[in-house]
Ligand SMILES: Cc1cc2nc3c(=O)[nH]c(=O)nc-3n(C[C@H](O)[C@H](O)[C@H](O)COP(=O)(O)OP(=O)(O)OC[C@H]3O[C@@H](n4cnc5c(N)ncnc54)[C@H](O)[C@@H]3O)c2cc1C
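Consider the single chain below, provided in structure tokens and representing the form predicted alone.
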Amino acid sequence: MATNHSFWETQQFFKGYDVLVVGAGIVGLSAALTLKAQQPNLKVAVLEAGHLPSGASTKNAGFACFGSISELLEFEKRSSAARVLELVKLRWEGLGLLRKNIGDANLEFQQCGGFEIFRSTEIRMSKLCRDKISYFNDLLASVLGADNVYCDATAKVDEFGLSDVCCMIENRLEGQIDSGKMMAALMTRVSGLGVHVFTNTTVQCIESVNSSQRVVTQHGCYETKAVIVATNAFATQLLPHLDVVPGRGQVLVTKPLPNLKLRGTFHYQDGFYYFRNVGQRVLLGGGRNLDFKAEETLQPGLSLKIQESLEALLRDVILPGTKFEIEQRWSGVMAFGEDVEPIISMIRPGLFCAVRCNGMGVAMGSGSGSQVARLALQSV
């Protein structure tokens, strides 16, 4: 591969790494943070294909959530109460680790509560979920360290200015974060520990060479003892055998609205729609359940069908009778699979992965990064 690198550049920036992390999202940067916290003298770098993280770490809705009752019911139906408890534990501990690593002020964390709403066409489902409030409060109390986390909050519907909502269930431990500030703080932390973060660097393949790993990019080859792939939905570009399916999430945000009543984070239709206030703006995303197949893509973009459904939800439920303007629209790519738990494993000696956060990257990312880092440390 022809390059114009100097001798100094080759020696300092391409050779002698202990661990290279592929992907500068929550998982990848958390892995780098753990590596340096455990062994400060390690030479660690992060390779990121985009100018900013390419998946959903800076494109998500900024929910610090761990499970609405309808989602937990569906998961329990497919698995067991024990696995529900394990899943919530992973998410809750992951959120705790994120807050510990960065600090609530840097996250702009606000524990303002999470709310699941049910419209007038969903009376049967709302009753089913409402009847399960005590059950999940008892089941999760030992993990969450709190009693009565879920409660019927239908009386607050008018307080938030919502329309056509027949039932609302509150999770008092959920909250909001600023995803941009979160990632900026993570980048600052790892850089301060001496981790190089190379952006606009696409990994083309990872080769085993004797007892080392060679990471081939468009800029040249990096040499390292171990590699961690933390690219979530994009992981199959390097590791095609993994059970990872991309899922694009489309999001919009309004211009500021005077006298906005909405406060907190909200889920609708089993979590396929989600909305919150960002100051005096409304941020709303979701709708991939309208066309799962089309949204199984790694490409950024918007679809008219989903955008129209988001605007209808704004008009009919969230901001009834209120004129609003859309300030910005975007999309991010999440990763899903048959199992809702992440894949954290050794692929072969010297090559590891932590991927598939199943739309819960904020909650799962820090724990996944920490876990795969500890796994990789065994080989360096």
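Each residue number is its position in the shown sequence, starting from 1. Owing to the predicted nature of the structure, the values given are computational and were not obtained by experimental measurement.
Another form exists, predicted in complex with the named molecule; not displayed. Remarks below refer to it.
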With the named molecule left out of view, choose which of L238, I169, L310, V190 has a non-hydrogen atom within 4.5 angstroms of it in the predicted bound form. L238
Look at the candidate spot formed by S54, F63 and V333 and say whether the named molecule comes within 4.5 Å of a heavy atom in all three of them in the predicted bound form. yes
Closest heavy atom of G337 to the named molecule in the predicted bound form, within 4.5 Å or not? no
Using a 4.5 angstroms cut-off on non-hydrogen atoms, would A49 count as touching the named molecule in the predicted bound form? yes
Taking the named molecule as it sits in the predicted bound form, is Y274 near enough to touch it, meaning that at least one heavy atom pair lies within 4.5 angstroms? yes
Look up in the predicted bound form whether M360 has a non-hydrogen atom within 4.5 angstroms of the named molecule, and give yes or no. yes
Heavy atoms within 4.5 Å of the named molecule in the predicted bound form: which stretch among 160-168, 76-84, 139-147, 195-203? 195-203
Residues of 21-37 having any heavy atom within 4.5 Å of the named molecule in the predicted bound form, listed in sequence order: V22, G23, A24, G25, I26, V27, G28
